[in-house]
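Single chain ahead, by itself, as structure tokens, in the form predicted alone.
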């Protein structure tokens, strides 16, 4: 079991976005998270990836707690453990977030080198292997602006896979893609799920049904209150 989220709550000032959310994502599973805009899907993803701090609840990754409830509050793991757990989670952002002033190869290797997770030669070898697998090796010295939307998406996927995560998350992976690129990304996600757990946020019901082993609906709690 790769990810277990229990009773997760998150508010921004007086606006509660997540209320007692439970979610499990197992190895080799593609879980698709759907729901109306503003219901907290991306916030849930950001809490899982340690980019946001939850107010209460627990997040367990590969049997280790990123955070858990303790003494009527929430206790996060220490900095070292959080960094280790972050390596287990890959995130492909909705707008790719590739550095425009760096080549595709540099986009892949800069973070692993900065954090000293691998040597430069190891990083280059890993990056080139992923770019070959995703069929954009010939674009490694190009800058993001010279790539199509589908190519940028594959570059972003390659970057998210650099540290061999056990869970890979996608935030609206098809939002800016044409039909052919959507089909290609769906095939890539299915292939990746052979080695890891996948969590996908999307509004595209057809895409969700085509790739998901399970679809989970999340409600907008503020809309429900109204």
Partner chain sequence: MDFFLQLLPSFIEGLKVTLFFWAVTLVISFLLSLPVTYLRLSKFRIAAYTIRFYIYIMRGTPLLLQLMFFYFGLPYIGITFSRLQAAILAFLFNYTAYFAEILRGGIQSIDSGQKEASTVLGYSNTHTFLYILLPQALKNSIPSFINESLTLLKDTCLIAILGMDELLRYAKIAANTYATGLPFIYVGILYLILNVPIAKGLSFIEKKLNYYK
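Keep in mind it's a predicted model, so treat the numbers as computed, not measured. Basically, rigid core = biggest C-alpha set you can superpose within 1.5 Å across the two forms. Positions refer to the first chain, counted from 1.
Omitted here: the form predicted together with its partner chain. The next part is about that form.
With a 4.5 Å cutoff on heavy atoms, residue 110 counts as touching its partner chain in the predicted bound form.
Within 4.5 Å of some heavy atom of its partner chain in the predicted bound form lies at least one heavy atom of residue 101. The closest heavy atom approach of residue 127 to its partner chain in the predicted bound form falls outside 4.5 Å. For residue 143, a non-hydrogen atom is located within 4.5 Å of its partner chain in the predicted bound form, even though that partner is not displayed. Proximity to its partner chain in the predicted bound form holds for none of 154, 188 and 192, with the criterion being a heavy atom within 4.5 Å.
None of 69-77, 82-90, 132-140, 118-126 except one has non-hydrogen atoms within 4.5 angstroms of its partner chain in the predicted bound form; the exception is 82-90.
Checking 60, 163, 177, 31 for any heavy atom within 4.5 Å of its partner chain in the predicted bound form turns up a single hit: 163. With the core held fixed between this form and the one not shown, residue 150 has its Cα displaced by under 2 Å. Core-superposed comparison between this form and the one not shown: the Cα of residue 75 travels less than 2 Å. Once both forms are fitted on their rigid core, the CA atom of residue 87 lies less than 2 Å apart between this form and the one not shown.
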